[in-house]
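Single chain ahead, by itself, as C-alpha cells, in the form predicted on its own.
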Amino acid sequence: MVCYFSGTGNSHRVAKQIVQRCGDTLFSMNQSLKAGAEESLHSEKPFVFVTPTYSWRMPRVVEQWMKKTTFTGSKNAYFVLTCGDECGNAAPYAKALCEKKGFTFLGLAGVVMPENYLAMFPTPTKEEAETILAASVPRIAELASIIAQGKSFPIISPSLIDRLKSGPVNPLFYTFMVSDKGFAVGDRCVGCHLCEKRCPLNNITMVENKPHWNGNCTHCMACICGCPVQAIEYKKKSKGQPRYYIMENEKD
C-alpha cells in the first residue's frame, strides 16, 4: 500500500507512479487527516510512505498520523520524500518511527520535484516545472523497481550539515516559520471554497465568503498554490511568484 500526503501535488504524483509500476493500492493521508479518522490499514505488500520534505524531515503531521494508525500485514516500510533539493538526514528519524510501529525499515530516498514552498523559496515557472517533472520519472521508476523486488534503498551517509539540518534546525523551522498568520486574502477572491476543501487539517473556514485561517497550519501550501485566481498571499514572500499546483484527481 502506498500512502501519500501532498499539499500541491508532488507527492501525490510520485505515489501514483509507484502504484502504477508496482501494481499496488493508493491511500490518501490527506483525506484521512481531514476526516479525523483513526485508521487501521492492512497490506500484504510493503507499506510505502510518500511525503514532502519539511525542513529536511518528514512533516510532523505525517509522523503524528502514523503514530495513531494501526498497520497490519506486511511489516516492511519504505519512505519516499519529495524535495526541492535534498532531504538531509531524514532517514534516522523515519527509522526510529518504524521501530516504534514494529516496521522493518527498508530505507528512505528522495525525489527532486518542483519547489512549492513560496513562503521561503522561489517557485519555478511552468516551463521549469515541466523540465523537473520530466527528469523525476527515471528516478521514480528506479525506486519503484527496488520496492517491487523487496530490496532496501541504498544507504547514503549524511554529512555534518545534513545532521544539523534535520536535527536542531528542524524544530527551529516549526517554531519560527510554520504559522498561518502570514496568509491574507485579497479582493480577487471569488468565494469558491476550494482552499477550505483542500486544507488537510480543516484549518480554513469561510467567513463572509472569504477564507479565515484558524491557527492549525502545517504549511502544505495547498490553499495559496491551489487558488484558481491567485487571491491568497503569504506576507510579501509570495507576491509575483508563480503558483505551483499539480494535484489531480484529489479523491484518489
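Everything numeric here is computed off the predicted structure, so don't read it as measured data. The numbering used is simple: start at 1 and walk along the sequence shown.
There is also a form predicted together with a small molecule; it is not shown, and the following applies to it.
A heavy atom within 4.5 Å of the small molecule in the model of the complex is found for one listed residue only; from Glu86, Asp162, Glu128, Asp180, this is Glu86. In terms of contact with the small molecule in the model of the complex, the residue from Phe105, Phe153, Phe173, Tyr93 that brings a heavy atom within 4.5 Å is Phe173. With the partner omitted here, the stretch from 31-39, 213-221, 192-200, 66-74 that lies within 4.5 Å of the small molecule by heavy atoms in the model of the complex is 213-221. When the small molecule is considered in the model of the complex, Tyr117 lines it closely, a heavy atom lying within 4.5 Å. Interface residue remark: Tyr54 is counted as part of the site for the small molecule in the model of the complex, having a heavy atom within 4.5 Å.
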